[in-house]
Structure formats: C-alpha cells, structure tokens
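Below, in structure tokens: the form predicted alone, a single chain.
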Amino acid sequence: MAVGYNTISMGTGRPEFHPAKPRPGLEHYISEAGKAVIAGINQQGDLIDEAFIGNFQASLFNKQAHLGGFIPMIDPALAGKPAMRVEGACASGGLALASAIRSVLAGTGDVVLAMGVEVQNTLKAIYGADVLAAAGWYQKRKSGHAYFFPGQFSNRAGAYYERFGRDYTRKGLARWFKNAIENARLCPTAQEFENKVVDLEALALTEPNGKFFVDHLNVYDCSKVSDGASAILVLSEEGLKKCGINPEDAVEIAGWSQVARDITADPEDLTVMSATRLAVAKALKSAGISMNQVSTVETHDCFTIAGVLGVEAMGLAAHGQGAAFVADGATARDGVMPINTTGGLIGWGHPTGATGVHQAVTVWEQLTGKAGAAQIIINPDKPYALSINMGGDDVTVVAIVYKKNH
C-alpha cells in the first residue's frame, strides 16, 4: 500500500463545523481523497486499474446509492474502469481494502484504489442512531436501546464491570479516552485536534446516566458522528514500478484476514470479542508472525470498552486484564504497544465507511515516517503493524498485517 490520504474528520469539535450551516457532501469528500491520491502518482489516473469504495449508509444518510458511479468524477482517466461500492457496516472501509488486495492477488489489477467515505451529520443523533442500528440484526433492534449500538456496548461494559470490577474497568476506559484525545491533538485532520480539556481522565470518569444515555457508558466512551473520506493505493510490485513509487514509500501487506460472525446470534460471552480474536489470529498466521513482532496497532475503538476488549482479543493482555494494561499506559504512544496513534475512532473520528481505510493510511504514515507530529519510533526489530476494522457488534472483521520496507 502507498499514497494514502485522509480528509478532515468533520463533526462536533471541529471549529469549521456548525450544525446549522451547509456542509460538504459525499461528492466533496470522494473527490478530495481521490484527487489527492492521484496527485501522489503525478496525476497519472490512467494507471489505476479499478476502484473499491467502502460505505455503510449513504442510501439513508444522503439518499444516495450507487457510489461506484462517483469514481469517474474524480478523474476523467477513471471513466470506463471497474468501480464498485462494498458494505459491511463499520467494516466497509476494511472490505474495500480486502477487495483491492484480492484484485491484486488475482492479477486483475496492478494499481487499485481503495477508498472509504461517510457523511452522516445529516440527521439528529437519535435518528442517526436508528440508521446506524442497521449494522445489527433488525429483529433485535426492535427491542433494543433507543441508542442501539451505545446500548449494545454498554451491555458489554456492564458484563465486564460485573465480572472484573466497575471502578477497575472505568479507570481503563478513562485512560483509553485520554490516550485517544492526546494522540488526536497531534493530527491536524482529527476531529478532536482542537480539544483543550486539561483533565481528560476526570472528564472520562463522568458517571454514566441511563436516564440520559445508556447505563454503563457515558458520551466520552463513544466515538463521535463524523464526516470524511480516506483513500490509499493497493499495488503489485509491477504497480509500484508503473507509478514510480520508491519501495521505501510503501508498506508491504504481509498477511490479512476477513471473518464474519452470525449477526442473528448473541455473543457467547459479552466480555469477549470472538470474531476480532479469530481475525487477528488468522492475520498473524497469514503473515507468519506473532504480536511480539508488531510495533503499533490501529484498532476499532467505536467505544472505549471495544478498545479494552480488542487489547484482550489481540492477546496483549489476558482475559480481564485489558483494563489494567490500558490504565498502566501500555497502549499510550510511549507504551509497550502504541495503539491508535492519531486518535482512533474516539479521537480522530469515525466516518463509518472510511474508518478501515483511515487505519491503513495511519499505519502507512507511521511505517514510512510520514506521520508528522504523530510519528512514533518504529523498532527495527519489530517492523510490523496491525489494523483491525470491525463492523457491527463484532460481526464483520478485517485484520491486516503490514511490514515496513527497508
């Protein structure tokens, strides 16, 4: 992968955002991200063989389907090329990447554009929550919380509290929030870039209020509603040469996996994200490595509890010890395993269909030294990185292992 680009993650918290004023639409974000990638290969749009665009709910948020038809809008050279939208709820961006990887492995493309986009600040929060609930099983939606997905992960948090201790867990969730905002402050495109709160952990420890929101999480435990797009190229060795990309400016895809869990079935254990655990294990096996060789991770923290459960699913901490692992600073940017170095979904933002691609762009930036103020030190003895993009309540998961080129 090479030539990644993120638009601003737009929403509350950004100084440019005003809910009562007109804002950019799908066309703007698709065009901005796509044009930036093409500029990165010297405006040679004709070298792109095909494109995949991940998106979850443009049909309802924007009354627009058929997003593949917007790809030729980016550049006239893309007219007549294969282009299609892929969807897997919050993992739609990851599925765009997986589709592009398959295309290159199948030999149908040497240079494939993978993009994700979502524009969802078009509805009030309670109505938007109903649209986002389609990432779960609708039959369960009818008896679920009004804020459906916050309710689902509140249930996970409540189960974790009951088994391992409430105060203990809340400290881990609060540290996750603190890390997310501090990392986002280093990334100019992040939704929380301008966040000036001094005591982040105290804010994050605000007591959940089930009468106002959900029982076991507060609003700071949740990723925000975001608009934005991310794009990156997936290339074969020949594609790198065609585009004139120095191998040191690209990252190798060392392994990957895509899994799905039965959406109609409740998780066997609310304190375990089984699909994520399986996807990570398969991706690491595909790459022939262990987590001990990974320098940084981009994981799907739609909620702080998802971050803690993700740490355990990766095997970084034993079951029940993820909250302590986070609270002790192990996942901070200077910790033993820096996670979500530009803020993740909590800090950078969660334009749903774009998230998986944003994760890939962040990894590419880190492994090629292009992350600016957010750059961390990559241990030469640990040249790998991992991204985990989850759709729904641990239903669809795409995990990708990347390797730094020397």
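Values in this document were obtained by computation on a predicted structure and should not be read as measured data. Counting begins at 1, following the sequence as shown.
What comes next is about the form predicted together with a further copy of the same chain, which does not appear here.
- Within this chain, Glu238 is remote from the site of a further copy of the same chain in the model of the complex, having no heavy atom within 4.5 Å.
- The shortest heavy atom separation between Phe56 and a further copy of the same chain in the model of the complex is within 4.5 Å.
- Shown alone here, Trp137 lies within 4.5 Å of a further copy of the same chain in the model of the complex, counting heavy atoms only.
- Residue contact check for Ile263: one or more of its heavy atoms lie within 4.5 Å of a further copy of the same chain in the model of the complex.
- Of the candidate stretches 197-205, 127-135, 292-300, 163-171, only 127-135 has residues whose heavy atoms lie within 4.5 Å of a further copy of the same chain in the model of the complex.
- For the residues Ala39, Ala65, Ile377, Ala373, the 4.5 Å heavy atom test against a further copy of the same chain in the model of the complex is passed only by Ala65.
- Between a further copy of the same chain and the residues Leu123, Leu186, Leu278, Val219, the one pair within 4.5 Å by heavy atoms in the model of the complex involves Leu278.
- Residues of 19-58 placing a heavy atom within 4.5 Å of a further copy of the same chain in the model of the complex, in sequence order: Glu27, Glu50, Phe52, Phe56, Gln57.
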